[in-house]
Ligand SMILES: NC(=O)c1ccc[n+]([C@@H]2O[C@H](COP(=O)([O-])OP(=O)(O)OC[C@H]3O[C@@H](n4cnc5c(N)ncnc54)[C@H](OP(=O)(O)O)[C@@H]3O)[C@@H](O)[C@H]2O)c1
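We begin with a single chain expressed as structure tokens, specifically the form predicted on its own.
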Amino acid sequence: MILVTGAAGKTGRAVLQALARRGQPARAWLRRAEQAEDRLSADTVVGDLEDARLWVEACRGIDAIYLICPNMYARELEVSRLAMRAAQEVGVKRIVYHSVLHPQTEEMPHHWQKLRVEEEIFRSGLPFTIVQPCAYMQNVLAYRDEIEATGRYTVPYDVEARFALVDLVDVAQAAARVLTESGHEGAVYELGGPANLSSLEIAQGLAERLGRPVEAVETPLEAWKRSARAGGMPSETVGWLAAMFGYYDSYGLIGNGNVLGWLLERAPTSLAQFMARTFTD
């Protein structure tokens, strides 16, 4: 039995689906009871990730934990400590931690926080595997309405900065393999996509798929922050994302897909393949 935290989020859902395709039973940790209506797993635990007693109950009968916190979660380090303490108490055999590409980049606070979690896992004495995925191709879909309405792909950083992008389906399949096979203990796996692309190249791919021009446009970071605050985004999240976009603007965030290809036993999904699957004519 595998415990998947953050099971109502897009990554948790994808991992549960990949485990189900392997016939692997899983326990889904949900924040709210109504999220169980999706029937992602017959076995669920409902409550706050910062509830120490619930962690112990959630880990009973579990062989491995797939630990993923909500995006930009300020207390991820504290949650990881609860997870490891409960795992040690009840005898969980292994923890698989969903980290991020290049967690050692101190200029991005949420990446740096994940590095602190990795260090805690190293010190815990628990058998572990760490996966470090890059940004998802699915993130492009957040701009879909604007792209289709205006022909503009707008980002708050240099449109020539280059990024590794990965299909979430590929990440979930790799995670399911790591969770259900032996031999991955002690590994840190960078899960990059097949190519490092600029926003200009992403826009070109969108144009080819949609059959119409799509222009990559940089919006000023200060304008993005004003819009995010006006939309109700918490100030801490705005700060973290702004720091990330500032880093992107200067350096991009490139990765490598070789390890993911090895885990999948095929080439990682390309952006063109993802768009063909996602965007309809």
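What you are looking at is a predicted structure, and each value in this text was computed from that prediction instead of being measured. When you see a residue number, it is the position in the sequence shown, counting from 1.
Beyond what is shown, the protein has a form predicted in complex with the ligand; the following relates to that form.
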{"property": "Among the candidates G239, G47, G246, G252, the residue which, in the model of the complex, approaches the ligand to within 4.5 Å (heavy atoms)", "result": "G47"}
{"property": "One residue of Q173, S99, T129, S80 in contact with the ligand, assessed in the model of the complex (non-hydrogen atom, 4.5 angstroms)", "result": "S99"}
{"property": "The ligand in the model of the complex: contacted by all of R162, Q204 and P268, heavy atom 4.5 Å", "result": "no"}
{"property": "Proximity to the ligand in the model of the complex (heavy atom, within 4.5 Å), stretch among 135-143, 86-94, 149-157, 206-214", "result": "135-143"}
{"property": "Any non-hydrogen atom of W112 within 4.5 angstroms of the ligand in the model of the complex", "result": "no"}
{"property": "Residue contact check: A8 to the ligand in the model of the complex, 4.5 Å heavy atom", "result": "yes"}
{"property": "4.5 Å heavy atom contact, R226 to the ligand in the model of the complex", "result": "no"}
{"property": "Contact of N71 with the ligand in the model of the complex (heavy atom, 4.5 Å)", "result": "yes"}
